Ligand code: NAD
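The data below hold one chain only, encoded as structure tokens and taken in the form predicted on its own.
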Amino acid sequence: MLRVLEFLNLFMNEGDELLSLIKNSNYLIVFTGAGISTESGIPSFRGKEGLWAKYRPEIYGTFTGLISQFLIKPSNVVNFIFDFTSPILEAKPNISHICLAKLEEKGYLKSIITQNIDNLHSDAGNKNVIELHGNLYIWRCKKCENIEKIGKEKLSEFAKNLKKIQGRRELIRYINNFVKCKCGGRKRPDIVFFGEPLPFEAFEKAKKESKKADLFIIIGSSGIVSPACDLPYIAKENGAKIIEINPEGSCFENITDLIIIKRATEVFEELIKKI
């Protein structure tokens, strides 16, 4: 693993080195995980304060598990929905998201591949965002496949009302009304639950973009979620330099050319001043 790519980099700090690599790249791709959004107030699922420390992922991380749990004890599912959606609904793009949008605007960044469902890259202004695990604000009917974009205000009202409603019948009636499609089918968030495949088109596009990259920057991903974790390896195999920004260790250390062991906001606060 090469921590320093060129002799001259010995006289550069990490931010300058990163900026130099970005400006000299022909096809920059950024790959983001939960770590970029934790600084916007969204806890990582697997962290000490993450959802999976409080809720069993084999139940609450699967769509069938949620339905089954709702039939047994609906209040548990209501609490999960509220705890799951509230941080996302309250989150705003941080300086990292904003800097990435500026890099795209200036023509350096070709696309962002994200594992996050929080829409923060789009909120910040990025146009070419590939969402591997879906988007909480996009709901799809299982019957007619119609897609509906649900705004923060509507989803926030839904989550808050769930906490107020008492009684199984009232809860079922309220949820049924919310998820009912015009065709008579039922809508659900267009996100990837455990055991479900990634959206085919999104993953194929992500693989194509990874193959084109000559510079591939990983931000805040642990590298343990498959098959998304394959993408940096695809980029590496096709000749890309791999840069990782992560205050913690990951599974990508064996392929990285430069590791910046800092929080993303620390890095991009400096970078945005120079681009």
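Computed from a prediction, not measured in an experiment: that's the story for all the values here. Residue numbers run from 1 along the displayed sequence.
As for the form predicted in complex with nicotinamide-adenine-dinucleotide (NAD), it is not shown, yet the points below apply to it.
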{"property": "Non-hydrogen atom contact Lys54 with nicotinamide-adenine-dinucleotide (NAD) in the model of the complex at 4.5 angstroms", "result": "no"}
{"property": "Interface membership of Ala34, nicotinamide-adenine-dinucleotide (NAD) in the model of the complex, 4.5 Å heavy atom rule", "result": "yes"}
{"property": "Partner contact for Asp214 in the model of the complex: nicotinamide-adenine-dinucleotide (NAD), 4.5 angstroms, heavy atom", "result": "no"}
{"property": "Close approach of Gln115 to nicotinamide-adenine-dinucleotide (NAD) in the model of the complex, 4.5 Å, heavy atom", "result": "yes"}
{"property": "Contacting member of Glu237, Glu58, Glu248, Asp230, with respect to nicotinamide-adenine-dinucleotide (NAD) in the model of the complex [4.5 Å, heavy atom]", "result": "Glu248"}
{"property": "Proximity to nicotinamide-adenine-dinucleotide (NAD) in the model of the complex, single hit among Lys110, Lys187, His133, Lys102 (heavy atom within 4.5 Å)", "result": "His133"}
{"property": "nicotinamide-adenine-dinucleotide (NAD) in the model of the complex: contacted by all of Ser25, Ile29 and Ser210, heavy atom 4.5 Å", "result": "no"}
{"property": "Interface residues of 177-197 toward nicotinamide-adenine-dinucleotide (NAD), as seen in the model of the complex [heavy atoms, 4.5 Å]", "result": "none"}
